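Quick heads-up: the structure tokens below are two forms of one chain, split into structure 1 and structure 2.
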Structure 1
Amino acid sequence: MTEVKLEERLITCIASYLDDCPHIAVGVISPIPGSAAMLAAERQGGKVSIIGSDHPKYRCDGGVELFDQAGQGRINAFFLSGGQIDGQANINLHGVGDYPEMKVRWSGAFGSGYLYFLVPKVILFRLEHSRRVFPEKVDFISSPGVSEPGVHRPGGPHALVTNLCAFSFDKAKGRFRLDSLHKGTTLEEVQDNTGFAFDMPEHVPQTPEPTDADLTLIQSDIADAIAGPYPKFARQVFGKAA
């Protein structure tokens, strides 16, 4: 067996947070979460909708209909990221410094200002685990992690998966809890690179490694399917052409 790639480890880690999700939707710039959604659906059945895919299995109306489905509760899981994500799971997709003429400016909210409120299991994902990405408080709240009582909020953060570890989010406390460390990561490394306080169990386990069956599936069917919407990713990680 060749060495497990970080991307493969992250795909199976994210998939472990997607139990009981009959419909998972995937947005733009999300090839690893997209692959995880496919893996979860292969294991438990269910539908994956990938915005921008022309694959018949994953194709969806990536315009109005996807948001209508979220509004009705027909989407169980979605993925978001952030230039910054803080300890209350507030996400910042707009930039650093004073709005609007920010020192650093990112793309904008995309669908987050709505989907973060409505999709029950939003998995946050970021490949750079650092204090600049995970500060105590974001510079700009593109979308809040928790809402005041009375705000219609069936959805919200469920987990945060990074290149180092995985956290789950406790909505009642409004805090992250460290669930597992990816192979080769130490607790100290996570603490040194996280700007916010988080809870953790007495002993933090290692993130389970992908099984051989998972790896076979990821490297064949999933790599082929992901090449449509994410050609660059498929080429770089799996050596696949679109």
Structure 2
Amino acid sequence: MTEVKLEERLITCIASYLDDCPHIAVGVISPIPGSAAMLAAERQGGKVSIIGSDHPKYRCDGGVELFDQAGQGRINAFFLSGGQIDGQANINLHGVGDYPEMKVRWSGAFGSGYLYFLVPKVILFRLEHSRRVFPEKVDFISSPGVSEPGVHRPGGPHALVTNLCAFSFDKAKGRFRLDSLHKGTTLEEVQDNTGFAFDMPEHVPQTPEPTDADLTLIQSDIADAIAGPYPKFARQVFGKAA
């Protein structure tokens, strides 16, 4: 039996959070979320827009088009990440240390705050699960995970997927709940590498493995399509050339 790659496991895990999403949008540096969006669309139908893709099925007119569609309520899911993400799903994209004299500066928020407020299902994703990435509190809130009562906010965090596990986000409580552990990961490993407290069931299940049908689709049609916007990823993971 062929060993399932971590990337394939993450793709199917993320896709499981994308039910009932007729339109999923993906940014420019998100090959795993992009593949998950394609897989979800193949399962249930719908549209996927990927910034930077030349593929007719996924092409869009960049961020301007996505921002306009989000403002009209026409995007159902999007993906965000951050240098830091805390237990209230606050995202830090600005840097480490006290603002404005930060020790490390990152690229900034761009349109993340706008999309975080408007897109109903925002999936957070990081391949490094560590206390450095997931502190108790972020050093700077570039995009808030929760808002005060009375703030109009149709969008917000829905889930967080990492290289170790998957969380869902409880908007009423303003905190994460551990949904599953990826194969080979222990609960103690997740707890040791997470700086914030989270809820969990009495028995934490293992993240479901990809089905044979999903693997076939990921390794063929999706790998071919993802090679356009993400050639390095497609080449390294699937051996596909753009």
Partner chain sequence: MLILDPTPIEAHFLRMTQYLNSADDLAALIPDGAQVAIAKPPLSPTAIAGAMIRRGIKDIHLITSPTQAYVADLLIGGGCIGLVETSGVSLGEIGPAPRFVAAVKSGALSIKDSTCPAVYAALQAGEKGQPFAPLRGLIGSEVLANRPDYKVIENPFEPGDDIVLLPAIRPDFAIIHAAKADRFGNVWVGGRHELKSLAHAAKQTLITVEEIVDEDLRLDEACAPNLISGLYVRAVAEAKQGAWPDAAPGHYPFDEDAVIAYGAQARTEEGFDTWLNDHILPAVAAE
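In this text, the rigid core denotes the largest set of C-alpha atoms whose superposition between the two forms falls within 1.5 Å. For numbering, take structure 1's sequence and count from 1. Quick caveat, the model's predicted, so the values are computed rather than measured.
Given these two structures of one chain, say which is the form predicted in complex with the partner chain.
Answer is structure 1, the other one does not fit.
After the core is matched up, is the C-alpha of Y114 off by 2 Å or more between structures 1 and 2?
Comparing the forms between structures 1 and 2, which are aligned on their rigid core, Y114 does not shift its C-alpha by 2 Å or more.
So if we fit the rigid core, how much does the CA of E101 shift between structures 1 and 2, in Å?
Looking at the C-alpha of E101 between structures 1 and 2, the offset is 3.6 Å.
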